[in-house]
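Only one chain is included here, represented as structure tokens and corresponding to the form predicted alone.
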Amino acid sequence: MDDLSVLAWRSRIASGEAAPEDVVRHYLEAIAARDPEIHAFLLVREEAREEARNLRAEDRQTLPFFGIPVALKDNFLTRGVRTTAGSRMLETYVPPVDATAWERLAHGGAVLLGKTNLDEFAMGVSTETSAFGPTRNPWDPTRTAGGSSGGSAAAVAAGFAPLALGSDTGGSVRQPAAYTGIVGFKPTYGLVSRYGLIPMAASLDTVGVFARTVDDAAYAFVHIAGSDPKDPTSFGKLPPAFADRLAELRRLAYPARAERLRALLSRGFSGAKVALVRELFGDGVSPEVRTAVEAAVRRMEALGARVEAVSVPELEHAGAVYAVVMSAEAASHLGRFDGVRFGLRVPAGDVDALYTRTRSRGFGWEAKRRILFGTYVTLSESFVDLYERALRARRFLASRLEALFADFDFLLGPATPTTAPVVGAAGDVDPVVELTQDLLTLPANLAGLPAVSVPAGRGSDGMPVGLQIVGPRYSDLDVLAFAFAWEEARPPEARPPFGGKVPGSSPREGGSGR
């Protein structure tokens, strides 16, 4: 049995060529064969076989995800299924509710295949801060799969699942997608409910999608997007044109109208105005990444895109702004894990000792570091000088990026400065090295903009390079359409070797996986 995209699986299931239990068995066998080496999953659900078998046959044609296995980053709450957030603090936690994003997929007929590895409470760039060990890159197991959603990215790249969800606070979907050669999409802040997502930094967190193809990512996005009264940060009223287009795409229930979905995404490059932000091609970007991305841009120009270089010097402060805002919010969220209200409890003789022992044993080093820094930021003595100034700087940066969209449709650049680093390269605690992995992606989070990483080629080491496309708020479908145009137009050497097999196991070079 081949390993196919979501849309291809839906076609086979709808026509009766494949049964949901066969699809689930295919992926469970792939996980059993290779995940001990990759460690994409923290929990694999054998129950998925029975759940797939029990799907109602009459829903085969109408439910958009009927029989499709999905992997979830383990910071999405799943009712009755253990959710750890990659931390000893929640090692035995079983939630009573489902996250809204997963609930919408499940109502559409999706089957939960398992929960994937992540950096502890999504704090990290390589899954190496996970309390349960790192995830390896399927292209080269000596390399990291990125983070914090590295488990979800590796699961899709390795052929363990056709679709996965992750969370993106500073690049945690786009960075691992770039490292593993797949599509990683982060929507406009507030378009997908964060209810049931264990928070890292509430004003930055977004729910993102991992897929092998852009149309798979679009298909998933339009079904999980939408207002949610359970999430106070969920959007209210959408711009009418965007709302109409979103509704039209959502009505394209597979298989009858799937080609229509692709047609709506197929706009090509003609007339598109693209800005190359010089600061996103800075000294930290490796020559091989720069070469791959510049080759992609030249091809787009040849096919009709209008490209112009611009400068946003204020972006040099984005890392510092992000570090202050993220750490302050993360420290605030982690305050609830004290041994009394949530998670692990280490018995002690008094309350102060209970707090100390529980948090010392439950949190890893990265969480402790961010708690300490975030607590310092929010102290009354430093609050105005640090946190409030960072918020003002954030608003200014966002306004500078938004101003570019008066003249341009998209911003383009590399998604990561290098290809996937070797596991352990960042050392035990090196926040500067860690931050550089997200410097190209975090501006979109500070401004709440939609962005996608799509494969653009490979470096001299044979590892994938990701191209990042950023658009203005509520341009999510245009960003995906532009990414789709690139996916269709890119030369064979820029395509990931998908088409059914894990890289390194007789891939079909240039296959689309559809």
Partner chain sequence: MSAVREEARATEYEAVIGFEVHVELATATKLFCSCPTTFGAPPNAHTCPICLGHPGTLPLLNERAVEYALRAALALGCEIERRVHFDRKHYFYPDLPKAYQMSQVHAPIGRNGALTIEVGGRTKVIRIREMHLEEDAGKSVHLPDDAGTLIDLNRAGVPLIEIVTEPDISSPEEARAFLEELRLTMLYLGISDVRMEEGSLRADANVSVRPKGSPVLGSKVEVKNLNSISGVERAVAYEIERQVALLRRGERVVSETRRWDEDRRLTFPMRQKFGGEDYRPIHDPEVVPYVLEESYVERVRAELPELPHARRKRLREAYGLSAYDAGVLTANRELGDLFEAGVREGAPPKPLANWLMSEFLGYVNERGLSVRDVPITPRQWAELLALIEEGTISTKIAKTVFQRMAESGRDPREIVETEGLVQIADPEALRKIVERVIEANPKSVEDYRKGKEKALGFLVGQVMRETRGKAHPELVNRLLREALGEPGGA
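Residue numbers count along the first chain shown, from 1. Small disclaimer: the values here were computed from a predicted structure and weren't measured.
Another form, the form predicted in complex with its partner chain, is not on view; read the next lines as being about it.
With the partner omitted here, the residue from F337, F410, W102, F281 that has a non-hydrogen atom within 4.5 angstroms of its partner chain in the predicted complex is F337. With the partner removed from view, the residue among G271, P96, P347, P239 that has a non-hydrogen atom within 4.5 Å of its partner chain in the predicted complex turns out to be P96.
Remark: of stretches 135 to 143, 295 to 303, 402 to 410, 355 to 363, the one touching its partner chain in the predicted complex is 355 to 363 (heavy atom within 4.5 Å). Shown alone here, D231 lies within 4.5 Å of its partner chain in the predicted complex, counting heavy atoms only. Proximity of S227 to its partner chain in the predicted complex: non-hydrogen atoms within 4.5 Å are absent; the residue sits far from the partner. None of the heavy atoms of R88 is located within 4.5 Å of its partner chain in the predicted complex. Within 4.5 Å of any heavy atom of its partner chain in the predicted complex lies no heavy atom of E128. Using a 4.5 Å cut-off to its partner chain in the predicted complex, each of P199, A202 and E381 places a heavy atom inside that distance. Of all the residues from 459 to 476, none has a non-hydrogen atom no more than 4.5 Å from its partner chain in the predicted complex.
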